[in-house]
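The data below hold one chain only, encoded as structure tokens and taken in the form predicted alone.
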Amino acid sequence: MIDNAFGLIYTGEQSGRLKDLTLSRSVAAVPFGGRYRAIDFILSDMVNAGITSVGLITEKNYSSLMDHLGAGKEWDLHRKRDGLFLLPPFLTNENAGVFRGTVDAIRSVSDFIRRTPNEYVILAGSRAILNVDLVPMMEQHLSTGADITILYAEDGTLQPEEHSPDLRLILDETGRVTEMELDAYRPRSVNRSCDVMIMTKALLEYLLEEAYTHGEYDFHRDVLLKKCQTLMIMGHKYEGFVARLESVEGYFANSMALLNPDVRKDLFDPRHPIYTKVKDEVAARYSVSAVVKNSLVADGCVIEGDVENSILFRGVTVKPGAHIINSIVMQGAEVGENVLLDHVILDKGVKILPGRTLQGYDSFPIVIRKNQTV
């Protein structure tokens, strides 16, 4: 277990390519996997590693995130000492309340960083969904004497999505990062950062101040890339499933991957449980006319129609004659009688009136925004 580190998660990532999914919420609060939010995964990873103090840097559309996390009870972070700290932007002499980049965002919570007694910091984003054991990563960091250790996974996609943050690592035979590429049109490496890194708190504070005094505000571009040759940066390889929330198409594909038992076994490894907000609802109810195949169905659902190759979140209602295939239906949505949904994403509280037909494609799933009636 890790007993001398605290967690710092930046949840202010913006993604216009997630479209209506992030219209009223941050990327960290995007629902995933039937009952979870994106933030649940990295937060659970830290808790499972023994981290008892975690700060969440927020920026925009964070009300949904704050409602989901509450005091951190479900993650055992509601404590008298340490615990979960939500760090929204606020006006001070040093902080204008609007971040010009990740350096600005992390520096805005410098008071939290300074008063934390731990020597090491695990710095992470909230866009990547994975179930990683951080203890071996910390052990490697200490044994190699690295200044920074970055978690990475092999990504065979050498044509990154437009406007998606894409940091590639080029390593030598010892695992040291010798070169980095950021948002390369044709990356030379398949080793893509999972946006999780370990360093000492003192080094983080030094790097932030040095970048800020030179008018530099992007941590990846202005710190990591420029310090690659002068700092000892090591890579730590992650072999498991990684989902990155960068676009609607990517969100849909990564969600559908959960229908593969091997992916579910890896992402929801019982040795490293993923925690989320608890809602005491009744078990899903199936009528005699319901037909459900190869789908994930959360509690509280009432199913009277057909569901195939789909993911249903909590409290979804499927009326008789409805047919849902290859789709994602989020919490509290209602699908009316004789509705056909194919390659569709329904956000929370959406109501589809009887007789409607919505059909998208793998490369272009239809998204119905939160609380809409169609």
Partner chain sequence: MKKRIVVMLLAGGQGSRLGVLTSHMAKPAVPFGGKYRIIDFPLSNCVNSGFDTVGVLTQYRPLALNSYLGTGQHWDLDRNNGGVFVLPPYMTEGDARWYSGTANAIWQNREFVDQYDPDYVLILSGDHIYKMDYARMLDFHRRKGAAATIAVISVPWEEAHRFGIMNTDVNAFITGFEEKPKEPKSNLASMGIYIFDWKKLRAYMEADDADPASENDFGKNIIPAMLNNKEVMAAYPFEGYWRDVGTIQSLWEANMDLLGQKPVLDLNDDSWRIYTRNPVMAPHYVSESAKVVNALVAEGAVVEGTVENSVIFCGAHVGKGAVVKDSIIFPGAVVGKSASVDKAIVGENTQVGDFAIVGGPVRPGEKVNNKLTGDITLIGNDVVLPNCAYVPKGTVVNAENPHQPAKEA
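Keep in mind that what you see is a predicted model, and the values were worked out from it rather than measured. Positions refer to the first chain, counted from 1.
Quick note: we don't show the form predicted together with its partner chain, though the next part is all about it.
With its partner chain left out of view, the stretch that reaches within 4.5 Å of it through heavy atoms in the predicted bound form is, among 298 to 306, 238 to 246, 225 to 233, 101 to 109, 298 to 306. Note on contacts: among V135, L142, L182, V282, the single residue with a heavy atom within 4.5 Å of its partner chain in the predicted bound form is V282. With the partner omitted from this view, the residue of Y120, Y212, F85, Y286 that lies near its partner chain in the predicted bound form is Y286 [heavy atom within 4.5 Å]. Heavy atoms of Y217 never reach within 4.5 Å of its partner chain in the predicted bound form, leaving it off the interface. Contact check for Y62: every heavy atom lies farther than 4.5 Å from its partner chain in the predicted bound form.
For the chain shown alone, N294 is a contact residue for its partner chain in the predicted bound form, at least one non-hydrogen atom being within 4.5 angstroms. Its partner chain in the predicted bound form comes within 4.5 Å of no heavy atom belonging to P31. Shown here without its partner chain, the chain has L259, R264, F268, P273, I274, Y275, V278, K279, D280 in 248 to 280 lying with a heavy atom within 4.5 Å of that partner in the predicted bound form.
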